[in-house]
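Let's start with one chain on its own, the form predicted alone, as structure tokens.
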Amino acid sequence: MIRYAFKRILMLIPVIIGVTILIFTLMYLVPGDPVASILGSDAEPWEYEQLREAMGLNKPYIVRLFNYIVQVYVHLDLGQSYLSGVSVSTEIFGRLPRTLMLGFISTFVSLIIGIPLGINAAVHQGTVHDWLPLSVALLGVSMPGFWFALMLVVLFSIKLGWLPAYGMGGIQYWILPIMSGAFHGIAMNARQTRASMLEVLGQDYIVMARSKGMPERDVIFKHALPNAMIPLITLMGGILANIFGGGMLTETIFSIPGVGYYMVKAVNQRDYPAVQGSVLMLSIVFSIVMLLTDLVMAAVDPRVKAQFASRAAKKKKEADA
């Protein structure tokens, strides 16, 4: 298990470096001149050239890429914002707690609602308790997240006036963003839980437990659910990562000053260091989430354990030979 964890951590290094190179290249190729955005259209030509040289934008691509990688991974510096002059690291770490809070709470809500819906649908297959959650799940999977967020604003803020439409404040400001972020996860969890439960409920050991007169509640929650949860672990990691990735839309719509909102604002203003730093930070969070998902999967799934045990035994046998 320790060897597997170490191997997975090593695999993250080329992934994160690859993301760094990719986002830097995209920002290099994107049309537009950040110098023009900073100075405006009234500056003299020599002022453009002077600022471009001071910012290092007149150097070749490979030189700028090498300098950026050294700056990020050697000096642990994401650079400074072109427009505000503030450290990108300071901005991101100041906003990251809001993004993490929104992502983890939305994931938690999607679990505590989606999993019971899926269990209830599987237990009552073919009834109204089955097709109604499936209809909601189909709606949640197919509906664009930004459209659902806007509909929440129209209904609960504009029409009913129950909740604020945007901004930061008390708990009431978090309700609509969390509902928006969790809805897709609720649909995914409900569908996957139903499918996993139906597969497990048809196994011989479930039939045997029922034939022995075990209460149905114990059959469902002590025997069926633990085995049905194994495929859900991978899905949970994907949902959490998807919420972080889609957080920029949620944060923008509800004006939550998180990393996603900061990144969208930086894109509109051609603030390249801010965009690169935001994407890099979200990619690191995404990679950590998927790493933890793999480690949990390896810890709870006996098939993964057996696979690594057989590999270890084979290597030991080859070494002895």
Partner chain sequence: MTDLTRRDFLKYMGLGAAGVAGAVALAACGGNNANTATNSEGGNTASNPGTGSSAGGSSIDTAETVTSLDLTTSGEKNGNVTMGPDSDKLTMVAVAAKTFETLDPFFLGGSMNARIKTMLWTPLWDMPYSGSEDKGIAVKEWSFEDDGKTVVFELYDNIVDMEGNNYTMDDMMWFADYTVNVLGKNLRDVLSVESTGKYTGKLHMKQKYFPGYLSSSVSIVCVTQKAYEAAGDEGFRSNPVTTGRYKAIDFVSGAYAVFQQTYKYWGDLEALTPQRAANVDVCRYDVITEESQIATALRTNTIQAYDIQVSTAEDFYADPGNVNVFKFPALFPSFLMFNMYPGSKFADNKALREAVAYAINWEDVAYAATMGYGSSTGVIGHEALAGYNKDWETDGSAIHYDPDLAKQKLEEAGYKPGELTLKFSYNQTPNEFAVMQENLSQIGINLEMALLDEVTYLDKRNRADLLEWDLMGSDFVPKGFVTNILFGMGDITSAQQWDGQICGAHDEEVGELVLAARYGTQEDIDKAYHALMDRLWYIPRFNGNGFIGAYNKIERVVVDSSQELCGQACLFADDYDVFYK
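Numbering follows the first chain given and starts at 1. Rigid core (definition): largest C-alpha set, two forms, superposition within 1.5 Å. Everything quoted here is computed from the prediction, not taken from an experiment.
Another form, the form predicted in complex with its partner chain, is not on view; read the next lines as being about it.
Shown alone, this chain has one stretch from 108-116, 91-99, 234-242, 67-75 that lies within 4.5 Å of its partner chain in the predicted complex by heavy atoms: 91-99.
A single residue from the set I175, A195, M229, V141 has any heavy atom within 4.5 angstroms of its partner chain in the predicted complex; that residue is A195. For the chain shown alone, V153 is a contact residue for its partner chain in the predicted complex, at least one non-hydrogen atom being within 4.5 angstroms.
Although the partner is absent from this view, Y48 contacts its partner chain in the predicted complex, with a non-hydrogen atom inside 4.5 angstroms. By the criterion of a heavy atom within 4.5 Å, T293 is excluded from the residues contacting its partner chain in the predicted complex. At the 4.5 Å threshold, heavy atoms of A165 reach its partner chain in the predicted complex. Residues from 250-281 that approach its partner chain in the predicted complex with a non-hydrogen atom closer than or equal to 4.5 Å are E251, T252, I253, F254, S255, P257, Y261, Y262, K265, N268, Q269, R270, in the order they occur in the chain. The Cα position of Y48 differs by 2 Å or more between the shown form and the other one after fitting on the rigid core. When the rigid core is held fixed, the Cα atom of F93 travels less than 2 angstroms between the shown form and the other one. With a cut-off of 2 Å and the rigid core superposed, G167 has a Cα displacement that falls short of the cut-off between the shown form and the other one.
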